[in-house]
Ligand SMILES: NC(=O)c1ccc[n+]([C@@H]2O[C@H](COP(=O)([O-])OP(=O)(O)OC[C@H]3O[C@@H](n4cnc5c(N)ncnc54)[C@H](O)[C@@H]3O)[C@@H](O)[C@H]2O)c1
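The chain below stands alone and is given in structure tokens; this is the form predicted alone.
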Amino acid sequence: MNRIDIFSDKETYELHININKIYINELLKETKAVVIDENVYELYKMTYNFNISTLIFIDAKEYKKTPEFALKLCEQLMLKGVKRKDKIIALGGGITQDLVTFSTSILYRGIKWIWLPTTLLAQADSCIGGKSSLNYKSWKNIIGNFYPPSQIIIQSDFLKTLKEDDIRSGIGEIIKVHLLSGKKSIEYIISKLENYKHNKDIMSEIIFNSLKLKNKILEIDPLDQGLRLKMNYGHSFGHALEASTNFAISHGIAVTVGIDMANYLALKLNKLSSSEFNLLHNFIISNLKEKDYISFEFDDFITALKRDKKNDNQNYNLIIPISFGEVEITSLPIDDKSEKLFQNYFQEYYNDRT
């Protein structure tokens, strides 16, 4: 349980879990540039043999996840002497990944990179698939492409320095991929996350299973043209919630709420029974705390939701369950009736907790 071959439209690449640190230090020694989250460096500068002359620091803030900062990263890589045939290393979370994915894809029309994700969200979900998503002005994740790393190395030790909120954010994405992958996967993750409360060591197993489930989808649809759209389960609502709270709510927590909201729509559309919705609802909200329910203006939420890139001119195109453990893209008209349905969810399950 320490290797997965990840499929992409370009090539199959390897993902390793808990590899020997000597191997990582050799990689660090050989590369011309290491792009690293500033906080990760401070936490692990005594653990790994970093060469300070090769380091490019990323201040991993949401407002810096833009094309402008991606171009600045390209400039820094060139100043480090990186050429087209070189391979760089990156360490950090999702923001670092988005910037490095985009920058390495456009510099010299593509340079190779090795990815060491350091957050649970990145390790269990975003590290595979090769997708970059950058913000532009008020549009969330509107610019991007597909450019996977040549290798991924997941070290569970990185999780030991994460705050509880960061762990819960990653669990939101873990819940997502299991809830869309069938009844057995739902039963698996409910059981495993209950056990995780008493045994933190099983997180590596949970990460491994999450990535296997996502990789099955990537093998069929590497470029988001069909089946992979299911991975956006909860994301339309989650992104709108992030934007309407000015990103005061983290991505994984917003997705957690978004999944619950998508299930609520499925209930109202008679795709889920009350017992099925309640089972999922009680499981989902176990990942939330009172402080996660941040106040926002509903009009701002609708404005952000209308900008979702899956929509067309007449419809919200949302990923919602069509049965217990299966989701599909479903169109709802952009009108007052749909907005009332969204508002009802917040009134019943959200607003009374803010």
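Just so it is clear, the model here is predicted, and its values are computed rather than measured. Numbers for residues come from their place in the sequence shown, where the first is 1.
What follows is about the form predicted together with the ligand, which we do not show.
Participant: With the partner left out here, check for me: in the predicted bound form, does some heavy atom of Asn39 sit within 4.5 Å of the ligand?
Facilitator: Asn39: yes, in contact with the ligand in the predicted bound form.
Participant: Looking at the partner-bound form in the predicted bound form, is Asp98 within 4.5 Å of the ligand by any heavy atom?
Facilitator: Flag for Asp98 set to yes.
Participant: Phe158: heavy atom within 4.5 Å of the ligand in the predicted bound form?
Facilitator: The answer is yes: Phe158 has a heavy atom within 4.5 Å of the ligand.
Participant: My question is simply whether Ser236 lines the interface with the ligand in the predicted bound form - judged by any non-hydrogen atom within 4.5 Å.
Facilitator: Ser236: no contact with the ligand in the predicted bound form.
Participant: Among Gly94, Pro148, Gly258, Gly172, which has any heavy atom within 4.5 Å of the ligand in the predicted bound form?
Facilitator: Contact residue from the list: Gly94.
Participant: Could you tell me which one of Asn263, Ser210, Thr118, Ser244 places a heavy atom within 4.5 Å of the ligand in the predicted bound form?
Facilitator: Among Asn263, Ser210, Thr118, Ser244, a heavy atom within 4.5 Å of the ligand in the predicted bound form occurs only for Thr118.
Participant: Exactly one stretch in 127-135, 81-89, 187-195, 275-283 has heavy atoms within 4.5 Å of the ligand in the predicted bound form; which is it?
Facilitator: Selected range: 127-135.
Participant: Between the ligand and Lys64, Ala70 and Ile143, in the predicted bound form, does every residue show a non-hydrogen atom at 4.5 Å or closer?
Facilitator: Result no, not one residue of the spot touches the ligand.
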